[in-house]
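Below you'll find only one chain, the form predicted on its own, shown as structure tokens.
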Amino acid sequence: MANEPGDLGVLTPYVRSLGIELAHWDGGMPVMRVAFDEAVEGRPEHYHGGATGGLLETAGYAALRAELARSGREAMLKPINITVQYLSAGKSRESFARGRITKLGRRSANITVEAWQDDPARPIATAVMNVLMADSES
């Protein structure tokens, strides 16, 4: 599919260790998924906040890479900052996250990300990310 690049370039060893994977595409943006298991468990039967943050960050980078691929651009992505807001406890079931590019400039991007479990209209956490885009060395 033209606006659904196959290689998101975000499945780092950390992401794989948490079990984060591409669930599906929605409106040209990747939706990332993570199953609940002991790798993401914090207190009993709840997601660890770091795992939720990792899911949000991964979905943000996936959205940015998809947008860059659509526009034929390549860049090395470097985080400037990420702010996570935890809205409710993640329970013991799979979670999803999707990013939205708020602003895409020549050198930086602003991304908004939401994570949810059962209903996308009821997020468990949100994030705002600012990412520096450096020229690709390849």
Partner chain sequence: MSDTPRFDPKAATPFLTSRGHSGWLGLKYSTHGEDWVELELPWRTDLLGEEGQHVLASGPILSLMDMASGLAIWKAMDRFEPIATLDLRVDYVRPAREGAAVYGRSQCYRVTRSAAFVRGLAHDGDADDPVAHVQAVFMKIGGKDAREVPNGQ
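Positions refer to the first chain, counted from 1. Just so it is clear, the structure is predicted and the values come from calculations on it, not from any experiment.
Not pictured, yet referred to below: the form predicted in complex with the partner chain.
The stretch among 107 to 115, 69 to 77, 92 to 100, 25 to 33 whose residues place heavy atoms within 4.5 Å of the partner chain in the predicted complex is 69 to 77. For Arg122, no non-hydrogen atom is located within 4.5 Å of the partner chain in the predicted complex, even though that partner is not displayed. Taking non-hydrogen atoms only, Leu64 never approaches the partner chain to within 4.5 angstroms in the predicted complex. Contact residues in stretch 42 to 80 (any heavy atom within 4.5 Å of the partner chain, taken in the predicted complex) are Arg43, Pro44, His48, Gly49, Gly50, Ala51, Gly53, Glu57, Tyr61, Arg65, Met76, Leu77, Pro79, Ile80.
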